[in-house]
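Just the one chain here, the form predicted alone, laid out as structure tokens.
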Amino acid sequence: MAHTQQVAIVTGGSRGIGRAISTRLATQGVSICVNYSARPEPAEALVKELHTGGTSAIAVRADVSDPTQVEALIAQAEAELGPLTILVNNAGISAPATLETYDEAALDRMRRVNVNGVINTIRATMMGMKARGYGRIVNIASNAAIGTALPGTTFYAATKAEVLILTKRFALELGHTGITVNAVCPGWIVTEMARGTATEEEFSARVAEMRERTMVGRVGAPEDIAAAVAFLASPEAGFTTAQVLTVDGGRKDYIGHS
């Protein structure tokens, strides 16, 4: 199947890593549904930019933790762009906490977006992909899921570890239908989420710190992740499934022993 015959939904696709993924896929001729949950302005601005470049694109609001909203998202995307062939589960939230500052409500919300969101979108898209005998699903996890030692990310890491096992199990369930399911684990990427509320001085210090934790001596850019997703979402990746591709510059601070 040619890239120009493909339609992608990128959840959380208007900013940061999601924006880079949307833009990268668009350069390959893929039609793009930019999903967002709260702020329409960045999504609409991206769609306008994609239109200028000749890409068919729409912005659709939906909270991926809500199955009803996800079903409406898929229906609108297919009605306006055509049959869905690529799903990139990028939407996610982070609630930094330690055992002492654990907040059950915050963790529940994080799990509903980070984990249930993946389940909801795959369930809503798989029947159409099965019927056509083709699909590419890429889940954005995190290297936190496989044991980086950044303080405050324990519970976030737990949700992303769930995404990794779901990726492998869903790949097992769907592989015989022509659907591949893979995951990308980004390292520390310069985005609005990474910046948070830090001052310029604080953020510069954090960048320097994280740069020293990598083998390649730099922090990541959203485009680094988009490049990995572009391969896994491509027709050429048909023999690649149930895989976890870590894109973190060779982080040196893993706490695991395996």
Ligand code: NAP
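Numbering starts at 1 and runs along the sequence shown. Quick caveat: nothing in here was measured; it's all calculated off a predicted structure.
Not pictured, yet referred to below: the form predicted together with this ligand.
Contact check for residue 109: a heavy atom falls within 4.5 Å of this ligand in the predicted bound form. With a 4.5 Å cutoff on heavy atoms, residue 192 counts as touching this ligand in the predicted bound form. Although the partner is absent here, residue 30 lies well away from this ligand in the predicted bound form, with no heavy atom inside 4.5 Å. Contact check for residue 91: a non-hydrogen atom falls within 4.5 Å of this ligand in the predicted bound form. In short, of 164-172, 74-82, 127-135, 184-192 it is 184-192 that has heavy atoms within 4.5 Å of this ligand in the predicted bound form. The listed set 113, 95, 157, 119 contains one residue whose heavy atoms approach this ligand in the predicted bound form to within 4.5 Å, identified as 113.
In the predicted bound form, the residues of 5-30 lying within 4.5 Å of this ligand by at least one heavy atom are, in order, 12, 13, 14, 15, 16, 17, 18.
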